[in-house]
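The chain below stands alone and is given in C-alpha cells; this is the form predicted alone.
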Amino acid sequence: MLETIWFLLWGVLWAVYFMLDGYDLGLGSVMPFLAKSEKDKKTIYNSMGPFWDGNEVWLVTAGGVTFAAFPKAYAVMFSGLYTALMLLLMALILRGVAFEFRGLVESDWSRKFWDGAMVVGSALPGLLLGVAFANIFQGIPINAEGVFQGGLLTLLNPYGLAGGVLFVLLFAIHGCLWLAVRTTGDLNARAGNLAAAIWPFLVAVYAAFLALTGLYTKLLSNYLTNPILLLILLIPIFAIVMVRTYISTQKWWLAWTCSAALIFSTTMFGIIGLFPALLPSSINPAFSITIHNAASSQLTLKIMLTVALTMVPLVIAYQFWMHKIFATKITDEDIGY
C-alpha cells in the first residue's frame, strides 16, 4: 500500500514540476520570437524572475523522492540516463547563470551571449525531459542486473523524439500564456498570437503522440483493464480545447490554468499507465524496475510519508502565496535585468 501511495506521489511531484517550471522554460525558449527590443527582453526576464528558482524546487523534490522511496530506480535511472541527465543539469545551470549575469553586463555582445544561453538553457531541458519520459513510458533496455544496454543515441528513437517535441510545444504555449498574463500592449498581443499559432501544431503532435503511445508502449493496458480510467483522458482533451477557446477571448489566466491542467493530466496519464513499473525493461518485462523490487523499507516509507504530509502543504501554500503576490502586470518600474 505504501509503495502505491509513493508511486502516485512520485508521479504528482513530476507533474507539478512540469506544470510550474514548464512556463518559464517555455518562455525562455520562445524569447527570440517575442522580444523586439531591449525593453521586451527585460520584461520577459522579469516575468520569470521571481518564480523560476522556486519552480525548480519541485525538480529537486521529485529527484529526492525517487532516491529515498525507490533507491534502486534512482540508481538505474541515473546510471542509464547519465549523459542525458548531465546535459539537463548543465542546461539548467547555464540558464540560472544567465538570469544572474544578464543584468550585470553592459555591452551588447555580452547581453546577446546570455540571451542565447537563456534560449538554449530553456529549450534543451524541455526536449530532454520529453525524450527521457517517453523512453521510460516505452521501456528502456536494462538487463537483469539493472544495467542500461545502450547510449544516448538509443534514447533518440521515434517515440522518444516525439515525446521531446511534445514537451517543447507544451512548454512553449504555456510560456506564451504566462507572458500574456503578466504584460499589456504589443508584447501581450505578440504572446497571445504566438500561443494561437503554436496551438494547431500542439494538437497535431499530441494526437500523433497518443497514436504512437498505442503502438510503442503498453501504457494502455492498465486503462483497458480498468476502462473507468479512460475518463482521465477526457481531462487533457477538454483542457487543450479550452486553451484555444480562452486564447480567442483573451482570458489569459483561464487559458494558462487550462494549459497547466493539460500538462499535469498528460503526465499523470503516462504515470498511471506505467503502474506498477517505474522503469520498464524493453529487453524482458521480468527485468523491469517496479515499486515492488525498488521500494525502501516500510519504516522509511512511513517516516517519509509523515514528513511529506507535513511539508508539502507548506510548500504548496508558499508557491500559491508567491504567485499571488508577484504574478501581477509588469510596469516600467518593475523592469530590471
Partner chain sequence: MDVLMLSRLQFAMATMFHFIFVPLTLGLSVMIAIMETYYVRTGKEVYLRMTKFWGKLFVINFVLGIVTGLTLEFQFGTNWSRYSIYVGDIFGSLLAIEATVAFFMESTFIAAWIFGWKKLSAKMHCACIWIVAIASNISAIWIILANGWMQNPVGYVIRNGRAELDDFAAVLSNPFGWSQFLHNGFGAFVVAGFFLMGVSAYHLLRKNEVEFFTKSFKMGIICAFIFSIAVAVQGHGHAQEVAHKQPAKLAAMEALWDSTDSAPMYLLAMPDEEKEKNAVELFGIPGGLSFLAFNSFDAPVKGLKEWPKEDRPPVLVTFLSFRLMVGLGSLFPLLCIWAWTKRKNLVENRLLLRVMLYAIPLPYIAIWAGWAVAEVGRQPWIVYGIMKTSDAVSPIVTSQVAFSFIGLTLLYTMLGACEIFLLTKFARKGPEPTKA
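Because the structure is predicted, anything quoted here is derived from the model rather than measured. Positions refer to the first chain, counted from 1.
One more form of this protein, predicted in complex with the partner chain, exists but is not displayed; see below.
Contact check for 38, 191 and 268: none of the three has a heavy atom within 4.5 Å of the partner chain in the predicted complex.
Contact between residue 296 and the partner chain in the predicted complex is found at the 4.5 Å heavy atom cutoff. Using a 4.5 Å cutoff between non-hydrogen atoms, residue 116 does not count as a contact of the partner chain in the predicted complex.
At the 4.5 Å threshold, heavy atoms of residue 82 reach the partner chain in the predicted complex. The partner chain is not drawn, but in the predicted complex it has no heavy atom within 4.5 Å of residue 214. Though the partner chain is absent from this view, in the predicted complex it lies within 4.5 Å of a heavy atom of just one residue from 90, 204, 231, 144, which is 90. This chain appears without its partner; in the predicted complex, the one residue of 101, 223, 246, 199 with a heavy atom within 4.5 Å of the partner chain is 101. With the partner left out here, the partner chain still marks one of 205 to 213, 232 to 240, 249 to 257, 104 to 112 in the predicted complex; by a 4.5 Å heavy atom cut-off that stretch is 104 to 112. Residues 56, 57, 58, 59, 60, 61, 63, 64, 65, 67, 68, 71, 72, 74, 75, 78, 79, 82, 83, 85, 86, 87, 88, 89, 90, 92, 93, 94 are the members of 55 to 94 with a non-hydrogen atom no more than 4.5 angstroms from the partner chain in the predicted complex.
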